[in-house]
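Shown below, as structure tokens, is a lone chain in the form predicted on its own; questions about how it binds or moves come after it.
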């Protein structure tokens, strides 16, 4: 196991009927900006619950955050923050709304010319301050409610990039599984796939003698495989909704990444598919992961075989036969949720592969746990999904 440091200050308030507790978590006399998406919170009653809970606060609102939050929209929210002297942000929505809120929190206090610097010059220019924020989670998927990551798209340049900072970790997150009850099938399926691939990015690398982290990761995968279909079949199954919601949070709160290598190449490639074609984030992951497993089967062999045996019970045949079966099982699971796994199923032409290849070539960066995936292998991985 590798050395690590770990601190997660996010307070989790979990369970039915917990949304009104937001009032006790926000400092008195705060000027609060509630940030949300397309309006689903007004249809499912979450909006009214939050508004009622915060009736004694000076409350402002900013709606319209996109499913892949736009830089341009976040900039407008920063203007609202500055104009109204907002000193606390409350994200009410899924991971995209939380990601946007994190960017708004840091960007509103940025003294440089353009807070997009956080993304384009990550690890060089980092936030020095951020407005405190909290979250009410309505869609399990990204784990953003308990981590420091933020992913934002810039429409004008067709880019989707990430930044992270401990300054933008929520002070608290409220997780009420009953929010799952009103979600459409597509969002539930996306959430299961997103959480699943988050685990895989931290698990499907190479062994470093970390049995506890491996079994934590495998436990999340098993739970998603068991509970995801139950949620799809019966949206009002509270226990399954609760297990699904907590699995998505645990998939990316840093715990299973301790002392082990991480990959994230599937995400970096998937982001480009969203940037060029607007494909749902989780669905880009379902496209890319099988190609990643196939093309990098030699480097990831030990962990793919372990994954195949422990998750899918595959322990017969040659190594390559077992890897093939493991990839097939993974694809079959995604498809059982209604999530297609090839580029043609999303009307992505072969020309897009070349655009993505050139983008990685220009950046000059290498991906993967071994930093051995260059632009040529990015092309191979995507070509595998035609």
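In this text the structure is predicted, and so the values were computed from the model without any measurement. Numbering follows the first chain given and starts at 1.
There is another form of the same protein, the form predicted together with a further copy of the same chain; it is not shown, and what comes next is about it.
By the criterion of a heavy atom within 4.5 Å, residue 363 is excluded from the residues contacting a further copy of the same chain in the model of the complex. Within 4.5 Å of any heavy atom of a further copy of the same chain in the model of the complex lies no heavy atom of residue 264.
Although the partner is absent here, residue 9 is a contact residue: one of its heavy atoms lies within 4.5 angstroms of a further copy of the same chain in the model of the complex. When a further copy of the same chain is considered in the model of the complex, residue 238 lines it closely, a heavy atom lying within 4.5 Å.
Contact with a further copy of the same chain, judged by heavy atoms within 4.5 Å in the model of the complex, is confined among 243-251, 129-137, 150-158, 184-192 to 243-251.
Proximity of 21, 210 and 227 to a further copy of the same chain in the model of the complex is complete: all three residues have a non-hydrogen atom within 4.5 angstroms. The contact residue chosen from 255, 81, 200, 305 relative to a further copy of the same chain in the model of the complex is 255, the criterion being a non-hydrogen atom within 4.5 angstroms. Proximity to a further copy of the same chain in the model of the complex, defined as a heavy atom within 4.5 Å, singles out one entry of 166, 278, 112, 219, which is 219.
In the model of the complex, 1, 3, 4, 5, 6, 7, 8, 9, 10, 11, 12, 13, 14, 15, 16 are the residues of 1-16 with at least one heavy atom within 4.5 Å of a further copy of the same chain, listed from first to last.
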